[in-house]
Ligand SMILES: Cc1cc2nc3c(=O)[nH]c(=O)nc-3n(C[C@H](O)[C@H](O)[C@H](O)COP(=O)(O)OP(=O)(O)OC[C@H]3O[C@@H](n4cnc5c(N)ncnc54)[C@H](O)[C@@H]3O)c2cc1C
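Next up: just one chain, as structure tokens, the form predicted alone.
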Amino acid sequence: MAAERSMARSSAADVVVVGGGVAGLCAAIAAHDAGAQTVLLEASALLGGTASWSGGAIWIPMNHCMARAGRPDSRERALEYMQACAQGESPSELLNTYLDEGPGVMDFLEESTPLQFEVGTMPDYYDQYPGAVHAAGESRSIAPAIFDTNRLGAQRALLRRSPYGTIPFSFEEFSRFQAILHPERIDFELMTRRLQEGYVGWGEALSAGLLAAVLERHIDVRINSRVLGLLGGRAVDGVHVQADEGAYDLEARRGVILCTGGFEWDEALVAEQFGVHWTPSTVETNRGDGWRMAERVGARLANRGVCWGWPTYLIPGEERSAGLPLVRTTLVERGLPHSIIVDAHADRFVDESAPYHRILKVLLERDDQGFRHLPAWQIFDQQFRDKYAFGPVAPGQPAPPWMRRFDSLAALASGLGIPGEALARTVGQFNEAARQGRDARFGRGESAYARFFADPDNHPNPSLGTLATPPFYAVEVLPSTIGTCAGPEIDTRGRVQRPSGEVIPGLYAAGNVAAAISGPAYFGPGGTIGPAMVFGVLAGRAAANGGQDG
């Protein structure tokens, strides 16, 4: 385990946190508040991680926002739902810890940081499971209020910003505007004023509030500092850092907390576990550093071959930074009327209105010939174009070249290289289902999740509408990961374990670097951010107390 000691620089702290996403920011705050001198190391020049690009929701059953809004929840119902989702692949003690500690962690963060939370707007993702919260207007998620980035002062430039643009509204405001389907209903005067004044919302607000808390505590934050090695013998007692000013060792007297994200940008690890590499929808520093360090010190690695992800598309020439493509998701578009998703056989193969994590799993199903449903395309007609936006293209705008346009379904089939007779049959069956208002094959539009993103003005089923009015359009659907969820197994305080079940002294993990507490499941909105924050805080407290409960 020992790494070669560099003489370029030597320093020490009580707790060293590796990674500046929401897990790392929460861990640093908790360790500091538990009395530990803390150093936070971030491999890039920005803090906030991929959560800054997200909606910023946090899935926390029995949270105080639900109680404040008069929306009941119970531990028994929440545990029943989590167990059903996890399918026996998650240690029961981690699920119980999450339920018991999660609400208090959110209280702590709201009380001790500039963050303010409000009740979320989205249901649990699987209302077919017992214990799910799915009634209209109910949610187990909470979300940040808008945040004034001027509070960050001169260090505002440290905040990772979303490549998709800033939404300076809370979830509740966005819902009142009905902006999911009708972005034109946004109060653009208010939006412009808030942007000019420096306000951010959603994931940017979440990261900004946590970053402000770290900076206001004067925690030692070191950017452009990549950690590739752990120090010590039987116990971890430091890290080897590669920084702009040179390599150096940093002693950790009480513990090291890995919060480096997943390994989706490491082509070798992805190929080993998934057999293919696709463009991730995450920050490019999620390259498996934590996995490899934990592996070298003998950690038990679990949940292999599982990732979080969604169906996406690419617009040629669009980049987010450094020549990397901007990956766009079909979060809303795929479940709207007048559209379907088909594979190379011209067959529908999934409920298009299902949660994104479920659709990714189906996209990646294999048979003897490879991926059964790739390539795939979302197909829609002029009815769709007249009513709904597709990504950045609003109704009434001309179709760009990447949105392939065809005068007939036969021409579309020929252009895509899929069987025309099969496509005609698939569309005919779908159109009959749309007229009846019931998709007997997949149940599209029947779940609470589907109804949340569908068109309530479309009857009798808010997700079903005929595909019948030319011209027809096609956009290729691509799988993309929003994080891997395999890694070192942790205990109820974030301590990394060996295969024997013994903890590795001095080593902790939280966030997507660790084996997900939910196994293969994605509970609901904020299903990755919630565990990252809760176990970030628990690990920070435990490390500050020398491995004991905080």
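Treat the numbers as computed from the prediction; the structure is a model and nothing was measured. Numbers follow the displayed sequence, beginning with 1.
Not on display, but discussed next: the form predicted in complex with the ligand.
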property	result
Option touching the ligand, based on a heavy atom within 4.5 Å in the predicted bound form, out of S281, N303, S170, S339	S281
Single option in A28, A51, V496, A516 placed near the ligand in the predicted bound form, where near means a heavy atom within 4.5 Å	A51
Region of this chain that lies against the ligand in the predicted bound form, out of 61-69, 519-527, 487-495, 30-38 [heavy atom, 4.5 Å]	519-527
Any non-hydrogen atom of S225 within 4.5 angstroms of the ligand in the predicted bound form	yes
E333 within 4.5 Å of the ligand in the predicted bound form, heavy atoms	no
Residue contact check: G536 to the ligand in the predicted bound form, 4.5 Å heavy atom	no
Contact test in the predicted bound form: F430 vs the ligand, heavy atoms, 4.5 Å	no
Neighbours of the ligand in the predicted bound form among 160-174 [non-hydrogen atom within 4.5 angstroms]	Y164
